[in-house]
Structure formats: structure tokens, C-alpha cells
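What follows is one chain in C-alpha cells, specifically the form predicted alone.
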């Protein structure tokens, strides 16, 4: 059965302040439009209906990517493909560039934006899952000014984020990994969306033999990507001891994800995959402790 977009108008503001004013004016009948890859599909399927779209692609500078005080600042309108190809991201945050290179398909990566992906609250978001472990700061702007929001606070639930009426995501600032930090990302995907994504960031001692702290997150199997404090605690210590606790850490991660049986697989199958991927990510992140920081993706 063919799908058709309902009628709507498009506004093209020149500033974020103007965009915010329009969104507050339109209320529930208005929505911000960036890449549109998720929004237009949902409108075609009848899941969402808006009379007004506020196109912020006309606001200058929202797609900029720049290094800033030990971090990379990514404008909300930077596309996945631009981040995949960015020489700055590839050199300073290689794990992020590699994950972006495997988002959906080339058509989606060419038009879909990082900001749109995060603001849609998509539970199957590879970038959001990895970013949870990279601990970025999100800058949101509205008619009353700007504020900074940590990513876990921003992600409220499935398709729900912590934006007040009229607020817009302006940028995502991602800290660079340190000399003794390693990162890895594993994902499993058969259809349009990933079935499971697992991100891991380890802080190692100078010899690379001991994990001093860890961050691990799981996506696509829970209402939003989630970290697990219990799993992270089990990943701290001497490498051999941590390796012996990986099954326990994987179970803790699965428990905190509140796994459900669905059309993509049973909860037990997903628990098995988490165990497999956590072991792979750990071995990848600790395989060469003399390598440059930044990690690898898969």
C-alpha cells in the first residue's frame, strides 16, 4: 500500500532564535526538520502528523565540526557521512568515525544528521550508544538562552528527549580519549536497524595491564541505550581477573537493559549476544596497549 505525506508548510529561519520562536508559536502542530530521515518516514506511515516543519538547515554554522579545548565540537546538523569522512574526527575520535560509517545505509548517512538522530530518541541508535561511553555535553538553545545537558539526562525514553518547548539541539561536544584510554564498538544487524550495539571504553594504567575505570553501554535492546554501573565495576582490575569476570559483567549489563522478547529475538538470545560482544570488545580494546588512543570500531 503506497504511503503519502500529509500536507504541511515549511519555514526556513535564519537563526536558532527565530526557529525557537516559530516552534513555540506552532506548539504541537510544529516540528523541527533537519535531515528528516526518521521524521518523514514516521509522517508517511501516519505515526506523526504536523502542519508546520521548521527547517533549520538554513541556519548557518550548525553543521560545523571543530576541535575545542581537548574535545571535538560537532554541530547538530553535521551528517553521519560528513562525520565519517571528517579528517578531524578520523584523527581525533577514530572510533566515532568508524561507528558513523556503519549507520544505516549511504542514503541515510548522506542526509541524516547526528542531532536529528539524538533528538528523535531512537532506541536503535549506534551513535547514542557509543556517545554514552564517550560522555559528551549537549548544548541546547531556546528563546530564553542556552544550557548544557549531559547525554543520559537528555535521553528520557524511547522517542522522548529532554527538550523544552521551542528548544533545539545546537551542538555535541565530545571529549578526546586520553593516552591510556581504549575504546571498542560491536554491533549485530540483519535488517534496517541494528539488533544490538555494545560500546566499551577502558581507562588503563601506564603498563596497560590494569583497568582503572570502565564505561560500557548497550543499545537497541532496551527503551534507550543504557550504561550499567554493576557491569562497569566488574570490568575494573588486572586484565586476567577482569577477563574471568566478563560473563558476570555481561549478565549485569543484560539485567540493567531490561531485555524483552520481541520479533528481533528472545531475551535469552540477546543475553547471549551481549556476552559474546562484551568479550570481543574487551579483547579488541586491550589487544594492543601500545597503539594510539581512540580505539577501533566494528
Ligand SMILES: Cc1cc2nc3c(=O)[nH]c(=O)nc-3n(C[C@H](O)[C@H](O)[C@H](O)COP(=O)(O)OP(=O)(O)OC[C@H]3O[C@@H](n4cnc5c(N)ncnc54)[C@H](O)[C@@H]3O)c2cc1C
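Residue numbers count along the first chain shown, from 1. Please read all numbers here as calculations on a predicted model, not as lab measurements.
Just so it is clear, the following notes concern the form predicted in complex with the ligand, a form of the same protein that is not shown.
field: Location of the ligand contact in the predicted complex, chosen stretch of 175 to 183, 86 to 94, 202 to 210, 160 to 168 [non-hydrogen atom, 4.5 Å]
entry: Stretch 160 to 168 is the one.
query: Here the chain is shown alone; which of 189, 137, 146, 222 has a heavy atom within 4.5 Å of the ligand in the predicted complex?
result: Exactly one residue meets the criterion: 189.
task: Sort through 273, 234, 39, 254 and report the residue having a heavy atom within 4.5 Å of the ligand in the predicted complex.
output: In short, 39.
Every residue of 34, 108 and 115 near the ligand in the predicted complex, heavy atom within 4.5 Å: Each of the three qualifies.
query: Can residue 250 be called a contact residue for the ligand in the predicted complex at 4.5 Å between heavy atoms?
result: Taking the distances in the predicted complex, the answer for residue 250 is no, it never comes within 4.5 Å of the ligand.
message: Since only the chain is shown here, I'm wondering whether residue 124 would be in contact with the ligand in the predicted complex (any heavy atom pair within 4.5 Å).
response: Because a heavy atom of residue 124 falls inside 4.5 Å of the ligand in the predicted complex, the answer is yes.
query: Does the 4.5 Å heavy atom contact test between residue 194 and the ligand in the predicted complex come out positive?
result: Yes, contact at 4.5 Å.
task: Answer for residue 133 alone: is it within 4.5 Å of the ligand in the predicted complex, judged on heavy atom distances?
output: No - in the predicted complex, heavy atoms of residue 133 and the ligand never come within 4.5 Å of each other.
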